[in-house]
Structure formats: C-alpha cells, structure tokens
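Next up: just one chain, as structure tokens, the form predicted on its own.
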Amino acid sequence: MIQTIAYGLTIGGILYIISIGLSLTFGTMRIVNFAHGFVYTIGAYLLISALPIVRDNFFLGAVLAVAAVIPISYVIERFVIRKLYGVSIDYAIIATYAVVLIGVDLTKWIWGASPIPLSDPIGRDITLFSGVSLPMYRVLIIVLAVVIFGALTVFFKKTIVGKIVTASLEDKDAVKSLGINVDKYFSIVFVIGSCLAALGGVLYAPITSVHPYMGMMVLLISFAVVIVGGLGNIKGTFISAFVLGLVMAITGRYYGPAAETMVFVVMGIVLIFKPVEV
C-alpha cells in the first residue's frame, strides 16, 4: 500500500506540473487552452531529439527540450491566444483544440506514429521506511513539483511581473491606465505555463511511452485537476493534483480500468457543490 501511495504522489507531481499551466492561463487570460496538450507532447518529442545531441544525458536534454518550447509557445500565444482575448470561451476551445489536432499530425509526420519508450534516467531505488523501495526518479518528480509550487508562489507574491499579473486579475483596466502593457505580462505567464507543460511531458516520458496522442490523453485529466482545485488557484491546483493522483493510484490498485474514471467522479462531486464560474 505504501508503494501505491508513493506512486500516487508521483502521478500527482506530474499532474501538478502539467495542470498549473492550464490554471495560470485561465486565471490570467480567461481562456481554456487545449493547446496545452500539444506543448506537453512536443516537450517529450524534443527530449527524444535532444538526447543524441547531448550523448543521452537526460537532464541536459530536458533543459534543451523545455528551452526549445519557449519560441513555440510564444508563436501560439501571439497568433492564436492573443486573438481570443475578450471573446466567447467557445471560440477559445475550438481554436486551441485545432492546435492540438494540427500538433498530432505534425508529430506523426516528423517522428512517426509508433510509440517510443524511454528508460529510467537514474535507474536506482531509494529505500523508504518499512523497507519499501521506490525509484529515485519518482522521488525526484515529487520533490520537483513541491519546488515549482514554492517558486510560483514566490513569483506571484514577490516579483514585479507577478504583482502586475495579480493586480490585472483584479482590475485589468486600472492596470492598463497606469501605462502598463498587460498583454505582455500575460504572454510571459503563458510561456511559463507552456514550459511547465513541456517539463511535464519530459518527466513523464520515462514512465510511459511517447506517442502523438499522449497530450490528448492527459489533457482531460489535467482539466479535472484544475476544476477541482479552482481555476487560477495555484494552491488549490497543487492540492488537487496530489489528491487526484492518490485517487488514481489507489483505485488502480483494486480495479485498474476505473482509475481515470474516478478522477471525473471526484470532479463531478466538486461541481455539484461548487459550480465553475467562467
């Protein structure tokens, strides 16, 4: 059971790293960003392309993959997302889902449609209490998720960019009246969220195989995490990700096919008592 809980925390860490970008995008721009799934997928594939260049150094390849996503995410924000500010949420869903579909075809065209497996980059276990061992790589993911949560909290509370974005959420027009280009700062937040999505794809690649549809598979679960945690709520998303990760792991222990279904059962219960306001 301890291993199941540890595995659930690993899933939670991955879900948080992926989902926080969705939460930030909605919190700042009020846009439901399905293109997040494409960025998640492309991060994993860029890692695969980077590994031969860096002589199979996973962590250096991960840095290169996430860095390569920066211009890609800027192009998406500049030519797709920015056109959707202030319009109906339906247009955002359609436009960003189109980006996902285009991305799937692009990845199949460049890398092929066959799944690509990756091995554990560390390959060592760490012994926990009661003699239970856990791959060190999974422990690293959990720790990294906590570090990212702390870094984002500090970013929005202590930095100038974070304070401007936070103030813009309360009253965008008032911030604009001060001569501040709010859209520029929203773009920064979008790029940060996209880099985290790519990092999620990179980190999850050794746990599962890399394939063109991996972003579409994780996208719905990520939206469930964001909805349960509260749209735009950094702390809520953090707690929600780990809770739902545990739900998936514990359910999967007893009945595997229901693991993902339980995520949406929890989401449905939350929506009954606290409907989403958009």
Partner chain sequence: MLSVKNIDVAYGHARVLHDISLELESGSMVFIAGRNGAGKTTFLKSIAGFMKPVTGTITFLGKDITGMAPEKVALLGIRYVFQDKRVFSHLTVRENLELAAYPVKEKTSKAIEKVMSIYPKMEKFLNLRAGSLSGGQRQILLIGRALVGDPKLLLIDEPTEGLAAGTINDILNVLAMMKGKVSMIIVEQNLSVVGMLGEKVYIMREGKIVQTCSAKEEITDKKQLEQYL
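Keep in mind that this is a model prediction, so the values were computed, not measured. Numbering follows the first chain given and starts at 1.
Keep in mind that the form predicted together with its partner chain is not shown, yet the notes after this line are about it.
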{"property": "Touches its partner chain in the predicted complex: residue 185 (any heavy atom, 4.5 Å)", "result": "yes"}
{"property": "Touches its partner chain in the predicted complex: residue 127 (any heavy atom, 4.5 Å)", "result": "no"}
{"property": "Non-hydrogen atom contact residue 144 with its partner chain in the predicted complex at 4.5 angstroms", "result": "no"}
{"property": "Heavy atom of residue 160 within 4.5 Å of its partner chain in the predicted complex", "result": "yes"}
{"property": "Residue among 192, 175, 80, 72 with a heavy atom within 4.5 Å of its partner chain in the predicted complex", "result": "175"}
{"property": "Contacting member of 164, 148, 118, 134, with respect to its partner chain in the predicted complex [4.5 Å, heavy atom]", "result": "164"}
{"property": "Per-stretch contact check against its partner chain in the predicted complex, the hit in 195-203, 135-143, 176-184, 108-116 (non-hydrogen atom, 4.5 angstroms)", "result": "176-184"}
